[in-house]
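There is one chain below, alone, in structure tokens, taken in the form predicted alone.
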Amino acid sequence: MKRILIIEDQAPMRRNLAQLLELEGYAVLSADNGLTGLDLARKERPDVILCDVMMPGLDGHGVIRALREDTATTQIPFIFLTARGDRTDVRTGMNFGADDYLTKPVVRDDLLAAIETRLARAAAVQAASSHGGNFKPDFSSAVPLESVLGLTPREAEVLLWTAQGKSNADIATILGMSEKTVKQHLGSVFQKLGVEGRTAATLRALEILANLPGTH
């Protein structure tokens, strides 16, 4: 069972998120402040962390900074919860190493999609890393995905962003297309690769982008 740590100082929000995730089969850990959350993250090593930005004491930026400086927690997927319009907070958080952000009030489908995307990418990265210790994928170009996998330029672009853990909505915004079109491209990618979902496709892309042995 995957474990999700919620760090949120507002009790109603914290309870609602916990209940929603428990109904989806996740084990939930909760903290009502940044210091407690940081301590829990270090002790429990959750699979994903959801963290509010604005909290008294240690805020979300302080939490992510501390986690990314610790080799034991640096790879834990981290999703910020922010008030609408806090774009500066979002950019700051991303610079500290956050993987994603969700605006409050959090929409159920967006929350589950973000968590599933992060879990899928974490699993793919872990699997790819097992091929060798020097795992550094190069996300600067989608061309290798075109040439090796036989994808169209657009399919390769979609897969490139998928491999970076972006959701369909994120990719649609980045590439200027609808979510429906993103899904269509992904469906074509899955078919060409002979895989069933994002995790396997991401793993294949990461292997190629890291130029690991046996990918050519």
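In this text, rigid core is short for the largest set of C-alphas that superpose within 1.5 Å between two forms. No experiment lies behind these values; they were computed from the predicted model shown. The first residue of the shown sequence is 1; numbering continues from there.
Beyond what is shown, the protein has a form predicted in complex with the DNA; the following relates to that form.
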Practice problem: Report the residue, out of T152, Q164, N33, S30, that has at least one non-hydrogen atom within 4.5 angstroms of the DNA in the predicted complex. | Solution: T152
Quiz item: Tell me, which of L186, M55, V48, A41 has a heavy atom within 4.5 angstroms of the DNA in the predicted complex?
Solution: L186
Quiz item: If you check in the predicted complex, is S147 within 4.5 Å of the DNA, heavy atoms only?
Solution: no
Practice problem: Indicate whether the DNA has at least one heavy atom within 4.5 Å of a heavy atom of A66 in the predicted complex. | Solution: no
Quiz item: Is G197 close to the DNA in the predicted complex, meaning a heavy atom pair under 4.5 Å apart or at it?
Solution: yes
Quiz item: Taking the shortest heavy atom distance, is I174 within 4.5 Å of the DNA in the predicted complex?
Solution: no
Quiz item: Quick one: which of 8-16, 202-210, 189-197, 21-29 gets within 4.5 Å of the DNA in the predicted complex, going by heavy atoms?
Solution: 189-197
Quiz prompt | Full three-residue contact with the DNA in the predicted complex, heavy atom 4.5 Å, for I79, T82 and T103 | solution = no
Quiz prompt | CA of D47, rigid core aligned, shift of 2 Å or more between this form and the one not shown | solution = no
Exercise. Could you check whether the CA atom of R198 moves 2 Å or more between this form and the one not shown, using the rigid core for the fit?
Key: yes
Quiz item: Does the C-alpha of E116 move 2 Å or more between this form and the one not shown once the rigid core is lined up?
Solution: no
